[in-house]
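Below, in structure tokens: the form predicted alone, a single chain.
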Amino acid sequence: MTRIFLNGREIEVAADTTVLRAALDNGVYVPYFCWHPRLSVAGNCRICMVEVEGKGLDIACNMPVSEGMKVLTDSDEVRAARKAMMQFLTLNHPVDCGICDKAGECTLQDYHFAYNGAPSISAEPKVRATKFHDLGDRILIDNERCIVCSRCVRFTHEVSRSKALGIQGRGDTSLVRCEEGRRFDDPYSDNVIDLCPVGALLSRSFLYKARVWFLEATPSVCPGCARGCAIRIWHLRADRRLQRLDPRRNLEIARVTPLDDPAVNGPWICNKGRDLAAIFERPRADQAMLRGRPVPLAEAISEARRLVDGAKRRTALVSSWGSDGELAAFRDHLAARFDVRVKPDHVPQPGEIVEDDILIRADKNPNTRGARALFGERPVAFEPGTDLVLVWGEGFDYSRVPAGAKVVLLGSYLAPENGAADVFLPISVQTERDGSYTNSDGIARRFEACFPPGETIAHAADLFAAIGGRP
């Protein structure tokens, strides 16, 4: 350990740490743009200036601690240096916070208020640069906002390893660009939007969609694969919901961002995790049916219970998208009466990255491990004489249903097999309930409901209790 004095306070820190890391770990905030805890040190934004006794001003992000070092993080000299640096960084920045998607969560905006707060002292006109340059199908860059911190470039070299981005030119003509002839099609590309401290890198799907202060984030788990990355699902705050012809629009996912979980995904997620709206917001099935005939939910439950009680040989195909709690409810209320098999609800789609050594897993279901822990790993099959099949979720080929067997189906989305089932029961999706998934490494993580389920939609766990006769 190394002993240093931080603003006069004696602290002990690891010998191989930096002044910036030592300060942050001990509750002293030092501003930074280019530094990031998961990227290499670039030291090019210069906003993390501190004063060291006997050495003067220097950047904290690249300064190793030494025994007896005395550091001031907020002296008059330090504040003057930061103000000058903010004057420099905003020299050509358009300061267009009123229309910028980063407004409300922009560190340039925060630091300008905290350390500068003065109009530009330059008499020269701002240097104009490219607006909304096309980097790829998902990302745009506004070069007038870019302060060339290089976080995005280092991300593609050090984390995603695509090396898709680089910096062209020098000084105030520097531009972040793709390698010549390439597109920014990195499967982790959207992480650079979060990394960008100034709103230069923009998501095509979120551009001008909402102001962040009208949104709130619900902690959740990405169901896109067995990694189970921690995420935040952003949606309209309840007090910002509007009267609309289609009120479901108030319950849309605005965006998805990572939730830093060192044991699972760190601060990153893949692009599939950003696109969960495409999964959850498919046309919903919200009507219980008997052979395609709409009926009240209670009547469908009663018929499902009658079929279960009357069958002689039953098979259940449980969902690997079911939560730990739902799987436990099925075990408690119904499993003893069924030959239970775990099925995959989703499999890799054409063109999808199946697996890599970063985050993406080949199993495209969030809770296969949790389901198999309760019901084993036997493949989907039917014993001779099976006369009832309970299907929970998606991903099953109905041509495999034994001849003459009845089908009870629990599903969330419109599909042809809903109307063909003897009983169809509409169930909630992940964004409408609380629960947890157990990922491929055996780590359980909780998710919370973002939206209320529809009045005609039930939670699967409640249906299992009702059908099993022990509510």
Partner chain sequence: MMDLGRRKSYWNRPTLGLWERSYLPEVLRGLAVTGGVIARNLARWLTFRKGALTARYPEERRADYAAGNRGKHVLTTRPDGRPQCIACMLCATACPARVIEIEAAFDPADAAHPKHPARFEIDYSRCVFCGLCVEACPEDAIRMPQDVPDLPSHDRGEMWLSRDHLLGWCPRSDAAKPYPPGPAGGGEGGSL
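Given the structure is predicted, the values throughout are model-derived calculations rather than measurements. Positions refer to the first chain, counted from 1.
The protein also exists as the form predicted in complex with its partner chain; that form is not presented, and the subsequent description refers to it.
None of 285 to 293, 319 to 327, 393 to 401, 212 to 220 except one has non-hydrogen atoms within 4.5 angstroms of its partner chain in the model of the complex; the exception is 212 to 220. The partner is absent here; in the model of the complex, the one residue of Lys312, Arg378, Arg244, Arg306 having a heavy atom within 4.5 Å of its partner chain is Arg244. The partner is absent here, but in the model of the complex a heavy atom of Leu207, alone among Leu207, Ala80, Ala118, Ala336, sits within 4.5 Å of its partner chain.
Not one of Tyr29, Pro64 and His157 places a heavy atom within 4.5 Å of its partner chain in the model of the complex. Of the heavy atoms in Lys163, none are within 4.5 Å of its partner chain in the model of the complex. Contact between Arg240 and its partner chain in the model of the complex is found at the 4.5 Å heavy atom cutoff. Within this chain, Phe113 is remote from the site of its partner chain in the model of the complex, having no heavy atom within 4.5 Å. The shortest heavy atom separation between Ile99 and its partner chain in the model of the complex is within 4.5 Å. Note on Asp246 and Phe206: their C-alpha atoms are nearer in the model of the complex, a change of at least 3 Å from this conformation.
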